[in-house]
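In structure tokens, the next block holds one chain alone, the form predicted alone.
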Amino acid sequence: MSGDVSELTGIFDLKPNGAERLRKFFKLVDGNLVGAGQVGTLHNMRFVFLDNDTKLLFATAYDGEWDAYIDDFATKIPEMMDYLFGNVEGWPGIASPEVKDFITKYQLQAAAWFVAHPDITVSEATRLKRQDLAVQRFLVELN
């Protein structure tokens, strides 16, 4: 954890043709998983294919504690998580009581990482953007 921001990185074994299915999906959404924004603590997440499309690297940064973050995925975007990770060998399903153990099994601890603004949460950044927009509109109206 760096300030309020945490990281999660995992490398998972893909099912046969899992990379192909995920590539088609990523192409369909133009690589933009905007629906993940429903998880209000999510800073970013990335999916990278490794080892000739046999493994999937998942890396993310988020606010707060690990357990609450995984719970957010389970309650806010369960269908997306099950579609994406349904291409991973052994995925128990995001609603499964075993899902946290499954993720932990494949999670890697970052040896080092950098957070430019470790004390600004996603909700704080959203608030600051709205505030800046309001100030900019006010200044335009003054002119």
Partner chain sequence: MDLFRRLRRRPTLELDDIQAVVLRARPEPYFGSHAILEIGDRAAGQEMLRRLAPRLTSAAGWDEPRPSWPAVAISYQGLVALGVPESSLASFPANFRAGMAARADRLRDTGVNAPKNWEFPFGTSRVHVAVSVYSDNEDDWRREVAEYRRQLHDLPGVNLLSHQDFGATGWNVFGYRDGFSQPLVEGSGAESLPGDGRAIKAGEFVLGYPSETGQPLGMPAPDVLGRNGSYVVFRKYHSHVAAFNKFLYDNGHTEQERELLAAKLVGRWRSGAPLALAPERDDPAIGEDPQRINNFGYADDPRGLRTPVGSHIRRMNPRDSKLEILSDVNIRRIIRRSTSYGDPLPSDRLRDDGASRGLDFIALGARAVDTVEFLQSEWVNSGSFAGLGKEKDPLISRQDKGAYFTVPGSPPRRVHNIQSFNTLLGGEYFFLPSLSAIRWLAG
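Small disclaimer: the values here were computed from a predicted structure and weren't measured. Residue numbers count along the first chain shown, from 1.
As for the form predicted together with its partner chain, it is not shown, yet the points below apply to it.
- Relative to its partner chain in the predicted complex, residues I77, P97 and T121 are all within 4.5 Å by at least one heavy atom.
- You can rule out all but one of 102-110, 45-53, 83-91, 31-39: in the predicted complex, only 31-39 has residues with a heavy atom within 4.5 Å of its partner chain.
- Interface residue remark: F26 is not counted as part of the site for its partner chain in the predicted complex, having no heavy atom within 4.5 Å.
- Although the partner is absent here, K129 is not a contact residue: none of its heavy atoms lies within 4.5 angstroms of its partner chain in the predicted complex.
- In the predicted complex, A68 approaches its partner chain with a heavy atom inside 4.5 Å.
- Along 23-37, a non-hydrogen atom within 4.5 Å of its partner chain in the predicted complex is carried by no residue at all.
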